[in-house]
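The data below hold one chain only, encoded as structure tokens and taken in the form predicted alone.
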């Protein structure tokens, strides 16, 4: 009996992460309001990415399980934090949000090291994400002009995530690797 082919949950996780990151950066550079970020943060970046993470667990991919579940939680918590600020429920100051981002920067640094062992595209994505978080940290602690710089830099992060999503989709559709992902940066 032949086992039924399963979809790769990473395509949804990478898609949700990339799209929600991109739309937040459209807000951060001043192109749009915060509304779409809230809804994407709750649903595609949040819920869908968390579901993808839970599905990664069953594939045995601890990196994907941790990353998608955690960043799905990031998006949901950020959306709820922003909603709370809007309605004066557990209001978070700019400094509070800064420390929230610092914690996520430290978490991202751990995954960045692991990403360098997977492949070049993953290492690039996490390098860009780590830089983006550092820029946002600095923006919240005295250098607000860096929010726009972080916005453009994190757009590259979103594109890198989508590149990996496209790699997985195209490899499945065409039956071979179409988009190269490169060798791991750490090979030991």
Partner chain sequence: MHSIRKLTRAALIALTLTVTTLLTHSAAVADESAATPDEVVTKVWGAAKVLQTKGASAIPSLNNADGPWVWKDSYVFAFDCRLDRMVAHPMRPDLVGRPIMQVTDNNGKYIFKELCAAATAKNGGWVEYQWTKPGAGQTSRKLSYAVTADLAFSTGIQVAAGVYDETLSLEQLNKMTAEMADPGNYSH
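Positions refer to the first chain, counted from 1. Computed from a predicted structure; not experimentally measured.
Beyond the structure shown, there is the form predicted in complex with the partner chain, which is absent from this document and is the topic of what follows.
Undergrad: Is the gap between residue 94 and the partner chain in the model of the complex 4.5 Å or less for some heavy atom pair?
TA: Result yes; residue 94 sits at the interface with the partner chain in the model of the complex.
Undergrad: Please tell me whether any heavy atom belonging to residue 144 falls inside 4.5 Å of a heavy atom of the partner chain, as the geometry stands in the model of the complex.
TA: Yes - in the model of the complex, heavy atoms of residue 144 and the partner chain come within 4.5 Å of each other.
Undergrad: Answer with yes or no whether residue 105 is in contact with the partner chain in the model of the complex, where contact means some heavy atom within 4.5 Å.
TA: No, residue 105 stays farther than 4.5 Å from the partner chain in the model of the complex.
Undergrad: Report whether the minimum heavy atom distance between residue 73 and the partner chain in the model of the complex is within 4.5 Å.
TA: No, no contact at 4.5 Å.
Undergrad: Choose one stretch from 62-70, 155-163, 48-56, 136-144: the one whose residues place a heavy atom within 4.5 angstroms of the partner chain in the model of the complex.
TA: In the other structure, the partner sits against 136-144.
Undergrad: Within 4.5 Å of the partner chain in the model of the complex - does that hold for a heavy atom of every one of 24, 78 and 85?
TA: Yes, the whole candidate spot contacts the partner chain.
Undergrad: The partner chain isn't shown here, but in the model of the complex which of 121, 40, 29, 128 has a heavy atom within 4.5 Å of it?
TA: By the 4.5 Å criterion, the partner-contacting residue is 29.
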